[in-house]
Ligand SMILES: NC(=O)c1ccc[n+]([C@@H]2O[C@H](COP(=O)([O-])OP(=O)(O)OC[C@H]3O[C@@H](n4cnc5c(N)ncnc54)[C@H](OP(=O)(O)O)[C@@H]3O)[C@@H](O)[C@H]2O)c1
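Given next, in structure tokens, is a single chain: the form predicted alone.
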Amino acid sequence: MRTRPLKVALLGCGVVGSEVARIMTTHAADLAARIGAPVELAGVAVRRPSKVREGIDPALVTTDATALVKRGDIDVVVEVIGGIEPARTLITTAFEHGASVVSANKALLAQDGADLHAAAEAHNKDLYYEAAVAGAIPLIRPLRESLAGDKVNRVLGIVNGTTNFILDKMDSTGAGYQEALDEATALGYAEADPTADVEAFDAAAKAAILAGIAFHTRVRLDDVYREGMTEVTAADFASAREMGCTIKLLAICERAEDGGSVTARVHPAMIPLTHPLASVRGAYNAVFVESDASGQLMFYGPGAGGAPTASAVLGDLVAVCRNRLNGATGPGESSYAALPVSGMGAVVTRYHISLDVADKPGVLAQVATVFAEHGVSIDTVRQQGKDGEASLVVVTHRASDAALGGTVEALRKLDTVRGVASIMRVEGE
């Protein structure tokens, strides 16, 4: 074993960063044995240096992150501060000064992953980011390495624990959205401002990363269709149960049937109770991968939290340090396929549409005519009426999102349609 330690700079020492530092200290001997050399925490960049950080030598703490990554003796920079800046500049500066990088920054990678990979390649350094997508769940490395000889056709997953906890509570207890969100906040699953989670910004960033790796195509955050879950109601869950389904916020990345393009989207969807993702409860994550040779694979586990995310960071750290010792780099960006990324209109799936309509003869025929005129085939219809008003629930066969959009627009113009109560996609069948 080499005796000179590999030096690690840690950017950020919050929930994840503090766990990274703790594991590096308490598992130092094991990490050294697995890497082939000891690893040394050489500096920790923070915003509040006065805060007591148990187990971390105060002499290592600095507020000058730029000076830390410029030192020249740093082998690996671990970035867990999040956000776009200063993380982007710090990472590129680290490459310029000889360090490889391990990051958990999904937002930055989804927005500027191509540029960061190019910078890493230009300086012959590693950029690893297993922790950016699903916490402790090994997902990026299997997609990037284990399935490198296979053709991935679809990635379907629950990649945000907060939203899964909320939807699970709504399903299992009959709670409304706000009540379930309040419980998630009280238990620490939801942030004080839950927007990034419940409006699906977090999941969309992860979908961009997964799609890029799975399909060897550059997919940016702006390419991902995003729809939050704040409009999901107890009535939607009641309808789902009548269909033998539940509702999950899903990240879905898939090739078109002709293989000529890809799509990436995040939105609430009904899935059958028989689908493996339907049984993912609480704040857990799970990702379902479909490929030509391997068939169907599912990756399941805790998708967030300090220790689980730190576990993924440390796994990357070991890999990057091994590469460093061997004078090599691991796999970089693979975008050779360069498939076009289609918009949401090209997506083909089934739909559950709930309409508030006048309770009088001929309404169903009018509604059915609109669906037919837009090429959307109806599978089932359920109607309930009382006191001159009725609820009409239509479940379609597979149709394009563009066709469904045209159908809904035309339905809203009917005098007999009081309103479109909800539209929910049906996946996983």
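All residue numbers refer to positions in the sequence shown, first residue = 1. Every value quoted in this text rests on a predicted model; they were computed, and no experiment measured them.
Quick note: we don't show the form predicted together with this ligand, though the next part is all about it.
Note on contacts: among 331, 259, 82, 174, the single residue with a heavy atom within 4.5 Å of this ligand in the model of the complex is 82. This chain is drawn without this ligand; in the model of the complex, the residue among 282, 345, 244, 86 with a heavy atom within 4.5 Å of it is 86. This ligand is not shown here, and in the model of the complex it never comes within 4.5 Å of any heavy atom of residue 419. Proximity of residue 305 to this ligand in the model of the complex falls within the 4.5 Å heavy atom cutoff. This ligand is not drawn, but in the model of the complex it has a heavy atom within 4.5 Å of residue 104. Contact annotation: residue 46 falls within 4.5 Å of this ligand in the model of the complex, judged by heavy atom distances.
Heavy atoms within 4.5 Å of this ligand in the model of the complex are found in one stretch of 46 to 54, 392 to 400, 33 to 41, 376 to 384, which is 46 to 54.
Contact annotation for 248 to 277: no residue has a non-hydrogen atom within 4.5 angstroms of this ligand in the model of the complex.
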